[in-house]
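Read the single chain below, which is given as structure tokens and is the form predicted alone.
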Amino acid sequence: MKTMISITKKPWFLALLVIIFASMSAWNIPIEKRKYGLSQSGLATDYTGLLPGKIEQVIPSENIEQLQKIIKDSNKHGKHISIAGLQHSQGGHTYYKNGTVLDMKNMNKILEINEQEKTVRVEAGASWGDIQESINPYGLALKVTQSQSIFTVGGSLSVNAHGRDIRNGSMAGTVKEMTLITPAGEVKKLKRGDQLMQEVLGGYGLFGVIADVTLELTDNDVYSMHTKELQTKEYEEYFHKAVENEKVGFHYARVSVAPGSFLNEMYAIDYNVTGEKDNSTPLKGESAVRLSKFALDLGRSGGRLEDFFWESQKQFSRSFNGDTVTRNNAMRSESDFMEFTVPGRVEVLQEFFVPVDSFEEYINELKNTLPSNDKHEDFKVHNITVRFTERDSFTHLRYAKKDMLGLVVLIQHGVNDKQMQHAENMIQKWTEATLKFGGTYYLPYYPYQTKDQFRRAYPEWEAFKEQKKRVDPNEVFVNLFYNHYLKD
């Protein structure tokens, strides 16, 4: 008995208990998928679930001829159409009250891979993961895609998404050709430089249905990963050196939102070109989901646990310093661990863009805008990542009027009226701080911002609206985003 008591007092025994407890806790964390979509109790929702709306019908896509007929009939009879893929946009971009939803997921074929020209032609309902599966054996990779590969091509182009590649700007710059079904039901083949293509890319589904696109590809390079911990005040200089270093292909950073280092500490990750190409490494899938969710949930608790989470993030980033990764796998970050399904609360994304050389002043402004410790607050900021977005010269609603740093923010708040109003107030303050530095905010997310803030962030909105009237005078293609920001 004395021996047993002696063992229980040993530090290694206590550490073992902590590890066992943490492992059992992580193993028992449920990984639930958020319930949303086009047929929840007769209502349509998107990924937030904050904008439920009754729709008339959902029509699964079959082919171009079927879509032409639906569009022509709707145009003739004054009906409205919205376009949906996997619905990860969060501001009602995929449906409209009493309208028809075209579900594009069935049109997901990879139509052609041109190895010599390094292009791929795909239907709009294909996901980026579908494309990666097809091109990886050829040693080819996408030029631009989001961090995760779970989104559909048509949806991503409609919001003109961007990624971690600092040598290629937004997705719009990688589209070579496109087949579009217009609001009149015409099938048009568009090429880069055509004005209508410029409207469709970043057009939020308001100028017609993208049937297929031809995308430019690049080699599936192998990168070595390098991490650097620094102060936020040091980041501008660090980033400029990264851009000037042609070896750096991908780059992103993460800013601390933990109380002990709030907006002062950050770490950056560079992916340096090794000169090697790859056509044999398998694509990675989701792994260690429960462990990652356990760690994220610690951060969601706030206070000292968020400090612990931040330290563990830094430790994790150090652990892969010097590792190599293929371009395709660098573009396939895990996402299942981020699922959040607590009743009465919601996690949403927002993204704010500021000119690169305003980053330090902007961060200092945010220190006066946000609480440094949100443990007891309803409005909680759980994560801020920083990504470079090169000046956009392709689209009308440009979030990158010059070279910008995009701050992608994960926010949690309650959903009763008072909590929603508080969240709206906080995000409007944040948006105001962003506009002060010549910045913008991203439009695929829930529209907390006012119409006045939208117009100041996107002064070209009037030209966008005029072009919409010219191309679609009967408002065949509409959605809640259009209704909120642009409809008279």
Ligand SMILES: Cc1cc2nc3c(=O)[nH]c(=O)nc-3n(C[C@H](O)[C@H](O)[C@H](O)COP(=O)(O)OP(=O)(O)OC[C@H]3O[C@@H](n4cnc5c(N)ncnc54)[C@H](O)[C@@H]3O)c2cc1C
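Every value quoted in this text rests on a predicted model; they were computed, and no experiment measured them. In this text, residue numbers run from 1 along the sequence as written.
Although it is not shown, the form predicted together with the named molecule is what the next lines describe.
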Heavy atoms within 4.5 Å of the named molecule in the predicted bound form: which stretch among 264 to 272, 358 to 366, 311 to 319, 148 to 156?
-> 148 to 156
Even though the named molecule is not shown here, does residue 444 get within 4.5 Å of it in the predicted bound form, heavy atoms only?
-> yes
With a 4.5 Å heavy atom cut-off, would you call residue 80 a contact of the named molecule in the predicted bound form?
-> no
Is there any non-hydrogen atom of residue 90 lying within 4.5 Å of the named molecule in the predicted bound form?
-> yes
Answer for residue 352 alone: is it within 4.5 Å of the named molecule in the predicted bound form, judged on heavy atom distances?
-> no
Exactly one of 209, 122, 142, 404 has a non-hydrogen atom within 4.5 Å of the named molecule in the predicted bound form; which residue is it?
-> 209
Which one of 338, 110, 291, 187 is close to the named molecule in the predicted bound form, taking close to mean a heavy atom within 4.5 Å?
-> 338
Would 85, 162 and 205 all count as contacting the named molecule in the predicted bound form, using a 4.5 Å heavy atom cut-off?
-> yes
Hey, which residues along 103 to 121 are within 4.5 angstroms of the named molecule in the predicted bound form, non-hydrogen atoms only?
-> 104
